[in-house]
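Starting off, we have a lone chain in the form predicted alone, written out as structure tokens.
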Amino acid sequence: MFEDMKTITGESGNNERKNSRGIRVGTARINLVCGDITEQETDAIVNAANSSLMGGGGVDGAIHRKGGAEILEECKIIRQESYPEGLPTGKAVMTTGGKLKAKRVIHTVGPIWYGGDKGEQELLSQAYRNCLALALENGAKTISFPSISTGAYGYPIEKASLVALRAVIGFLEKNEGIKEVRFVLHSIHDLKIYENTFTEIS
């Protein structure tokens, strides 16, 4: 089902190219790579943010550091004008990409894992769907995702990958316009989990 890929738009190094796999869903493509999300040249990249939108650790901190102060300034405006209490889990907002290669950053808040009986699955699915919908609304044809909630928020990656892939595949089957969805995984281990999950559900 997966195809070895020799080239990926916006790839940032031999390691990423070597460890990439892809699948097609309708007119779109889902690409799985091992790499650095801050180096992606897709139209948008997704930030696994916290509700404050003020930056943090992990992917969130890396995006703010590399993207520069312009991203934070737009986040402050969004907080003031739209979400004074913080961005709710599962929602998504868009800012400039600042100094990043991507033109836009879509910030979303994934759920904290509490064992699976606190609505985590639906909230995580919402996060992916809302990011894709926002990208589509703003004309982005390519988008890169991290593995949302599987870092400090503790969502088991085997379970999270199933939710992520089902949400993205379901969205792409119902909506046209997105040409590429790229999952940028932190390690070869995580990449293999996503590959195995797709094999299981296909």
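Numbering starts at 1 and runs along the sequence shown. Remember, predicted model here, so these are calculated numbers, not experimental data.
Below, we turn to the form predicted in complex with a small molecule, even though it does not appear here.
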* Asked: Taking heavy atoms and a 4.5 Å cut-off, does residue 180 contact the small molecule in the predicted complex?
  -> no
* Going by a heavy atom distance of 4.5 Å, is residue 37 a contact of the small molecule in the predicted complex? -> yes
* Asked: Are any of the heavy atoms in residue 152 no more than 4.5 Å from a heavy atom of the small molecule in the predicted complex?
  -> yes
* Asked: Is there a non-hydrogen atom of residue 186 within 4.5 angstroms of a non-hydrogen atom of the small molecule in the predicted complex?
  -> yes
* To do: Consider the chain as shown here, without its partner, and state which of 134, 62, 162, 28 has a heavy atom within 4.5 Å of the small molecule in the predicted complex.
  => 62
* Structure fact -> Checking 143, 32, 168, 48 against the small molecule in the predicted complex, the residue with a non-hydrogen atom inside 4.5 angstroms turns out to be 48
